[in-house]
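The data below hold one chain only, encoded as structure tokens and taken in the form predicted on its own.
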Amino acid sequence: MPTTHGHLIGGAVVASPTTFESRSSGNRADLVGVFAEATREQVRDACVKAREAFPAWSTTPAPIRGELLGKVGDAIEREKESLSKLVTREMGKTLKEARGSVQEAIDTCRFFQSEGRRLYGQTVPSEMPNKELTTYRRPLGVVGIVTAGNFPVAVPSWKIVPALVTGNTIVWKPSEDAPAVSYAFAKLFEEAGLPPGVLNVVFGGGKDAAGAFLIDMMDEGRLDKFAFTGSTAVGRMVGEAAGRNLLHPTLELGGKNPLIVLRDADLDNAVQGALFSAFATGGQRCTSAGNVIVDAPIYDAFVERFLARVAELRIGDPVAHDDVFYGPFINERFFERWRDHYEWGGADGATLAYGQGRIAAGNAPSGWVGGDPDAGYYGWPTVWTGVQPGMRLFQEEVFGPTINLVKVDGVDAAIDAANAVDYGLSSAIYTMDRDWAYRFKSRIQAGMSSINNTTNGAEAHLPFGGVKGSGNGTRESGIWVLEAYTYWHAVNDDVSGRLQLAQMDTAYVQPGDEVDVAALF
């Protein structure tokens, strides 16, 4: 019987009355680990332990906090290959993509290690004599964090690392789809010397489980900040609870991301970018392309080349085959939701150009690399044509290996179509015309845009986040994320020894007599 891994609360490993299993997404017979299922009381206790740890951690000098995160980066770098393989095994990301996501966590540690020496405030001139005005960044307190399973190392690092460098303590509920990766990730923080109670990890599900319990902790007054990555529907629930408690949550939500291909684009480059945008991680990225919007003069040529490349995509278990383009669905729930979209397309009147639902014995594309497709949940790469902005297929996030090809006429029509969704996370355009590129980046309703590149991809020093249904304006990564985990403290230090009232006692300069310039010459 495999070891059951408990929660990490206050520096101790804590067991639970019930447990759940984590199995490889690509081979459900492969048991990765058994994990404790958190009770409400255990989630509450994790918040208590984080609160107890806050005074000492928040007064630890910021450069020292940064140096500790540098040690975390060293440990992740040392374990990069084993951690990447664990990501591939547990949630089904290809090894190349897994290595990239782990590297992103390393980069995040490196960036915020140096930010520990740059948590600057300001000195502000006073309108009164013998008085100094200064500002300071202060940590918020205890941060509740819930993350998704599609990026089980990179995305948690975007939240955990800046929260720690700014002096906060944390209760983290990782995805139940990647608890083994999350456990290993958290243990590397322990190795680096993070004090007990600063980072607490509770395992379990979302609905009616650990995730919901952690959200409830806002109403109990046990959290000062909440950071969430997941669906827009759940993000609204988090936002409602935060609003009741006057907290400003970080919400990184879904997307229906457009990729525009204009008539002057490098077609081969655009096809390659569209393939990765649509099918990397099996389309299970918040930044995956949902609609490829193609200019009419090149539409037929693009469709022909794109479908030819789709038919060549290698698909299979990335643990057994290191050269596949994408692997399985992360879980059955995602697969079931994805399968439903075939009914949407039929009801909308769209044309199914490629794809036949679940890959199974006797129903596999030519790119299937072999093995038992029933060992996991694998989906055909699916392509729809004849899609229009009013269709459900155009509007709703599918979160799987599916792409819509949308025909428009000209740059303005393309941008209008790109903006005709309720989301605004990522976007991309392929064009060689600088005016068209400028129009796109000026008018697109998205938090992130690429020119002649994919809708995917993030760097540790650039802000990540969306607008409209994709988020609430907060950003992850780079110096911009510091605003999410600190508040500004303004200090008025009067050394005059007497009462001085700004605006009332200010010795404003009095003007002299009016000067008649014409009379001077």
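Start at 1 with the first residue shown and count on from there. Note that this is a predicted model, so its numbers are computed, not measured.
Keep in mind that the form predicted in complex with a small molecule is missing from the display, and what follows is about it.
- Comment: the small molecule is not present in this chain, but in the predicted complex one of Glu104, Asp295, Asp348, Asp177 has a heavy atom within 4.5 Å of it, namely Glu104.
- With the partner omitted from this view, the residue of Ser157, Asn150, Asn200, Asn404 that lies near the small molecule in the predicted complex is Asn150 [heavy atom within 4.5 Å].
- From the list 450-458, 490-498, 467-475, 49-57, the contact stretch for the small molecule in the predicted complex under a 4.5 Å heavy atom rule is 450-458.
- In the predicted complex, the small molecule sits beyond 4.5 Å of every heavy atom of Thr431.
- Leu251 falls outside the set of residues with a heavy atom inside 4.5 Å of the small molecule in the predicted complex.
- The small molecule in the predicted complex is not approached by Lys225, whose heavy atoms all lie more than 4.5 angstroms from it.
- With a 4.5 Å cutoff on heavy atoms, Asn168 does not count as touching the small molecule in the predicted complex; it lies far away.
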